[in-house]
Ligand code: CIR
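One chain is shown next in structure tokens, namely the form predicted alone.
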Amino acid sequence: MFTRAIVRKPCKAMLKGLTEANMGLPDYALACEQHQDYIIALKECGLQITELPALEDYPDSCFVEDVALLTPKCAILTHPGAASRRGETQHIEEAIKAFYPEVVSIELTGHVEAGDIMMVGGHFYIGLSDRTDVKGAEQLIEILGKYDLSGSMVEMSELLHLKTGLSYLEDNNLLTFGEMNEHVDFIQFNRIKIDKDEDYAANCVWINGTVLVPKGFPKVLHAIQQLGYKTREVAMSEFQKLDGGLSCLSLRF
């Protein structure tokens, strides 16, 4: 069960954010509206929200998930692979220390973004991507081990982040897309395979029995409802333009 979440308001500089989506520039006002509805959805799931102010010096800073990994036993600041995002960690450390007295960090020799990390119980799958490398993953696995948690690396070649193509919905259910559909590391799960025309919805979020689903993807919504989950749609069009998904917008713990 999750009890809290940390989010950060979108900044006006988000129009300069990193993206490969080729969907045009986000509408800042609409992005703020969608972000507020996202917060409402988190509250509906029973979470208390810490909302941090916008950081105009960091266009992608509303995607707080990438800069820290919050586990039931420890908090880890990452070292983002994207150079423009590396300063974000220092701006979120204080908020995390309000809940975790001890915060450890990935050192400069490795890169990790937590969008590449999927938690299943006490195990953490770490996708190797352009943003997360072997040195960073090795550091992360070593840190997790000190807290009786475990991690393993996932080879991949097509995705920006691991959770671009995967979402764990608890109860052994896993949304998958593309190269993750038949990936050897996930054959033990009940895989719900997503069609290419709804691939963005591979990034959903399970929170206390409810699954947040991006609005506008009816096949994925229906598939999740068929599994018996309560669902809540959240409009994400402006964040999709920046390669951002539902999980990216919060740190849940």
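One rule holds for the numbers: they count along the sequence shown, beginning at 1. Computed from a predicted structure; not experimentally measured.
Here the subject shifts to the form predicted in complex with the named molecule, a form of this protein not shown in this document.
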What I'd like checked is whether G127, L159 and H183 together line the named molecule in the predicted bound form, meaning each has a non-hydrogen atom within 4.5 Å of it. no
Region of this chain that lies against the named molecule in the predicted bound form, out of 185 to 193, 216 to 224, 28 to 36, 60 to 68 [heavy atom, 4.5 Å]: 60 to 68
State yes or no: in the predicted bound form, is some non-hydrogen atom of L242 no more than 4.5 angstroms from a non-hydrogen atom of the named molecule? yes
Is there any non-hydrogen atom of C248 lying within 4.5 Å of the named molecule in the predicted bound form? yes
Though only this chain appears here, would H111 touch the named molecule in the predicted bound form if you measure heavy atom gaps against 4.5 Å? no
Please check if L18 has a heavy atom lying within 4.5 Å of any heavy atom of the named molecule in the predicted bound form. yes
Taking heavy atoms and a 4.5 Å limit, what residues of 72 to 101 are near the named molecule in the predicted bound form? R85
